[in-house]
Ligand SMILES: Nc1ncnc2c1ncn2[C@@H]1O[C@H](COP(=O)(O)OP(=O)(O)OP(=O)(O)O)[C@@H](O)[C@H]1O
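Listed next as structure tokens is one chain, alone, in the form predicted on its own.
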Amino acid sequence: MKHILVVDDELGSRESLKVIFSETYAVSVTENAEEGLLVLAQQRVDVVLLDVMMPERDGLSLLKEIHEIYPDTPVVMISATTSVRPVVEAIQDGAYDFVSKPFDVAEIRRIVARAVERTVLHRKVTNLEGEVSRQFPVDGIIGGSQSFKKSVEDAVKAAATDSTVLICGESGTGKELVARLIHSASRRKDEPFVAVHCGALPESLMEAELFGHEKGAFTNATAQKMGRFDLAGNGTLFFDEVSEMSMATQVKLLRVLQEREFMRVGGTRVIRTNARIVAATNKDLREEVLDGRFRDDLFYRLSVVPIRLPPLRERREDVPALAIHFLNECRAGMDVATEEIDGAAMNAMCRYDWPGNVRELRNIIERLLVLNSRERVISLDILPEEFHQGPRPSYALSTGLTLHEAVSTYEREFIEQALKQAQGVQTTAAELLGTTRRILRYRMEKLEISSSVN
């Protein structure tokens, strides 16, 4: 049961508030500031109802102390005075809301319910942040390859600004980890980091999840609910796999990015937001724009600072350091004898393509520890089957090119063959390639392919 603390020197007021809330909440009543602080120190309090005018020490001075010691506990000020000054001072000093005596029972119940919901949501976000931070520690960003170091350097530079960042990379490359690095290295580090996994939320719920909703906005909307923008506050709002967002939601997000304001579903009040936006995608958003699946204006709003995370196969030199890091991290919470990875096993790991990237590497290490907990060394013979298969034919290895160069070369030849067969007609060539003319044109410009192919 949620806990309300009442601090009021008037006995009648204390008893009235206890009657109003005792059926729904656990209620503690105190008659002065010292008693109130004692309750706060001994018990977890979800909302404080604090009288403004009290002998010895008034409510406004107590409000300041509560705000300093318990900044996440909302305080609702109550007073019989009709003066505007205490209201203004209380709000400036961090009060959640202000109600006047005699109480409007429905109003004060509504205010307290919203305050309790805010406390619950804040604690959920804090707990989630703790869980994710343990799973994705920022100091666990590991990699000495030039490509990865460049990505991290760009992230640190972006953290010093409020610019919107778009992180691009395959699944498992650590996009959320880099987003958290940007947040933790920014001036917003003490504010919430709130993640929105766009692919996991159905379209019917997305708008309400982002912007919240008012009571009665739709069926089962029995109370006001804050959205992710509310929860982020002055912190960072991270949109993971933003390409999965529907066109309708893209329009609404674009407006928030442009105007820095939003309205809850079913609401009429405009709410300002100061949240910093970081987005991530495992798709080529330019191609999504060309194919009509992503708005070009939203793309340009999001990609103010683009950061590309290379897949693990493009930074194989980082595999040993990552493998040892995950070995030490996983074994710390397990009763295993495993202490190291031998040379043959490590070489096999470095040769492997890692289609699941860093996430797959961590999962493999954890699996090996679980299934071979009595082995002191991870050896080649206990690696999964995929590590024992012969090397795949490699275009890059046969020509001496890097993977990126080989892919680009093969793609260029493929497009040029299609253009030649289509006698230079791009629409026909696009049909041969199974794509659209817009995407073909984009790939031609990117690969510097002339429109006239001999």
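Each residue number is its position in the shown sequence, starting from 1. Predicted model only: the values in this text are computed from it and were never measured.
Although it is not shown, the form predicted in complex with the named molecule is what the next lines describe.
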Can you pick the one in Glu117, Asp284, Glu207, Glu170 that has a heavy atom within 4.5 Å of the named molecule in the predicted bound form? Glu170
Looking at Ala348, Val289, Ile141, Val336 here, can you tell me which has any non-hydrogen atom within 4.5 angstroms of the named molecule in the predicted bound form? Ile141
Would you say all of Leu177, Phe326 and Arg362 touch the named molecule in the predicted bound form, counting a heavy atom within 4.5 Å as a touch? yes
260-268, 298-306, 352-360, 94-102: which one contacts the named molecule in the predicted bound form at 4.5 Å, heavy atom to heavy atom? 352-360
Test of understanding: in the predicted bound form, would Asp154 fall inside 4.5 Å of the named molecule by heavy atoms? no
Consider Leu322 of the chain shown here, and say whether it contacts the named molecule in the predicted bound form, taking contact as heavy atoms within 4.5 Å. yes
Does the 4.5 Å heavy atom contact test between Glu241 and the named molecule in the predicted bound form come out positive? yes
